[in-house]
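Starting off, we have a lone chain in the form predicted on its own, written out as structure tokens.
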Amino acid sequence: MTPRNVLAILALTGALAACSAKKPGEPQATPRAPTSGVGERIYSGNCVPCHQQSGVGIPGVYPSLAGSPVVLGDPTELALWVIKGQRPLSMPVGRYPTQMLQFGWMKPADAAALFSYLRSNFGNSALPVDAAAVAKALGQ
């Protein structure tokens, strides 16, 4: 098996693991966690298959979130990337053989919680993101 085939299999495995039987935006069966844990819960439920629990990703397949210029940079670019799939200028094209899944079902408050979690974990230290900034970035 060639290294390229291995990467393709890893990419497909991660993408399939990220899929769930519930429909996007469908209410959770369990009560919502306190606001402070919402970002972590969203990350654990949607991002771990690709970016791993540690946030380091899978080298050459899925990028690390630790020290990521996209995560630490302009929250508008992060929102457009995660929710609408618009690649930020700080993310080089062709660096990874996979494409970021779009999370268009995410509400601005949930996206802000996720982004704030990303910006304050995995060794990152950046200001939190608020829901109003996400809504503005998305034109809502």
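Being a predicted model, the structure only gives us computed values, none of them experimental. Numbering starts at 1 and runs along the sequence shown.
One more form of this protein should be noted, the form predicted together with ligand HEC, which is absent from this view; the next part is about it.
Undergrad: Considering ligand HEC in the predicted bound form, which of Leu80, Val38, Cys50, Ala112 comes within 4.5 Å of it through any heavy atom?
TA: When ligand HEC is considered in the predicted bound form, the option within 4.5 Å is Cys50.
Undergrad: Ligand HEC is absent from this chain, but in the predicted bound form, do Val61, Leu65 and Gln99 each have a non-hydrogen atom within 4.5 Å of it?
TA: Per the other structure, all of Val61, Leu65 and Gln99 touch ligand HEC.
Undergrad: Residue-level question: is Pro69 within 4.5 Å of ligand HEC in the predicted bound form, judged on heavy atoms?
TA: Although ligand HEC is absent here, Pro69 would touch it in the predicted bound form, with heavy atoms inside 4.5 Å.
Undergrad: Is there a heavy atom of Val129 lying 4.5 Å or less from a heavy atom of ligand HEC in the predicted bound form?
TA: Val129: no contact with ligand HEC in the predicted bound form.
Undergrad: Can you work out whether Met91 and ligand HEC are in contact in the predicted bound form, taking contact to mean some heavy atom pair no more than 4.5 Å apart?
TA: Taking the distances in the predicted bound form, the answer for Met91 is yes, it comes within 4.5 Å of ligand HEC.
Undergrad: Decide whether Arg87 counts as a contact residue for ligand HEC in the predicted bound form under a heavy atom distance cut-off of 4.5 Å.
TA: It does: once ligand HEC is placed as it appears in the predicted bound form, Arg87 has a heavy atom within 4.5 Å of it.
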